[in-house]
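Take a look at this one chain, the form predicted on its own, written out in structure tokens.
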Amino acid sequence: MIKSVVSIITKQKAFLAVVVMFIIMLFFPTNFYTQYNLLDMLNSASILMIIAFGVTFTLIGGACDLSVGGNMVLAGIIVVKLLEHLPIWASILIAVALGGIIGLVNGYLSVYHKTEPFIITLGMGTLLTGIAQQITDAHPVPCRNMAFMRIANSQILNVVPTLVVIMLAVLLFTYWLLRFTQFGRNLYAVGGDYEVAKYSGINVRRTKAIAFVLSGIFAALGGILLASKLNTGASTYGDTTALEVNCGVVVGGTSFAGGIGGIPQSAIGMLVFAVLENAMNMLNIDAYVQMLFKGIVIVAIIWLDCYTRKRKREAV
């Protein structure tokens, strides 16, 4: 695993972008390099990273999931409302199961009915956001359960945020699932060439549908952790989540064409945005200018990666 991660890092344009940003921040008198800021940066990015790990499955399978924002906010609202009547473990389990069911519906419509995942999941995300607004009357729902709030706001040994630990646990689990299981190998085959995988005896529809279920589960988990972190469930939190997550995963090197990418790549891709946003906040850059820089970084990294791959193909 260590050799694989090192190989990924050395070939990653996104990782090089992170290194460049760290070098640039050496020339500015900020608190960027303090332990508190670096841990806070990881803590802030952890929820989106968890959702990105789920989206990675769908992209590797040759699809996409734009419903994660709606799934996230609905799961957060549901868990907050359930906490008024049920124990924490039961509320979380139901909310995660709901996310899995949403993923199952996405997979059923996209895979078994051969509809376009982009349209289906975009529509599903809008539908879920609408449901969230209806059940909350478009108002935030506060949580009064302090034990639930401590899930995402506590620290291990009074140093490492719990959210970071949860994110790392999910990273390891999803990496194992993709790299060391039959499902993971089948998913790469399906995303690489659907017809070849089909005639090789792989149950392509089931494999691709499971990818959607996993994406739904991790989106719901992200929503639960966000509700715990903010002690509130609200329908407005996920407006840009699908765009940020899918862009981050692609920037990391996972292809929309399928069959290429992985969990470490997605983590690095999301880290690009986390470091960039943190650095710009440290430099007091205006929010509108930040959007400009984010766009430039996304386009530059993807262009450079595509250009490098093109040169390699021409060399062969």
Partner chain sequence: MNMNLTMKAQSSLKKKFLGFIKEYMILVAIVILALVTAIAEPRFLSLENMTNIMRQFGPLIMVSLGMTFVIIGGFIDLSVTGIVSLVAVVTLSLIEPLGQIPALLIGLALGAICGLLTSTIIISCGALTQAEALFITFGMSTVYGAIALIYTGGETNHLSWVTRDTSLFKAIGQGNVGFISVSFLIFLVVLAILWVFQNKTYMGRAISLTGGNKTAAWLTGININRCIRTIYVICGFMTALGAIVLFSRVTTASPVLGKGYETNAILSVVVGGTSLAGGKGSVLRTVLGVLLVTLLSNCLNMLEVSAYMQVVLRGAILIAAIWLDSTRHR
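The term rigid core refers to the most C-alpha atoms you can superpose between the two forms while keeping them within 1.5 Å. As the structure is a computational prediction, the values presented were derived from the model and not from experiment. Positions refer to the first chain, counted from 1.
The next section is about a form of this same protein that is not shown, the form predicted in complex with the partner chain.
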Can you pick out, from Ala169, Ile156, Ile119, Ile88, the residue that has a heavy atom within 4.5 Å of the partner chain in the model of the complex? Ile119
Candidate from Val160, Val196, Leu93, Leu243 lying within 4.5 Å of the partner chain in the model of the complex - any heavy atom: Leu243
Report the stretch among 46 to 54, 262 to 270, 33 to 41, 286 to 294 that approaches the partner chain in the model of the complex to within 4.5 Å, counting heavy atoms only. 286 to 294
Non-hydrogen atoms within 4.5 angstroms of the partner chain in the model of the complex: do Gln134, Cys247 and Ile298 all have one? yes
Could you tell me if Ile78 has a non-hydrogen atom within 4.5 Å of the partner chain in the model of the complex? no
Should Ile202 be counted as a contact of the partner chain in the model of the complex, where contact means heavy atoms within 4.5 Å? no
is_contact(Thr126, the partner chain) in the model of the complex, heavy atom dist at most 4.5 Å: yes
Does the partner chain come within 4.5 Å of any heavy atom of Phe28 in the model of the complex? no
Pull the contact list for 252 to 283: residues with a heavy atom within 4.5 Å of the partner chain in the model of the complex, in sequence order. Phe256
Quick check: Val299 between the shown form and the other one - does its CA shift reach 2 Å or more after fitting the rigid core? yes
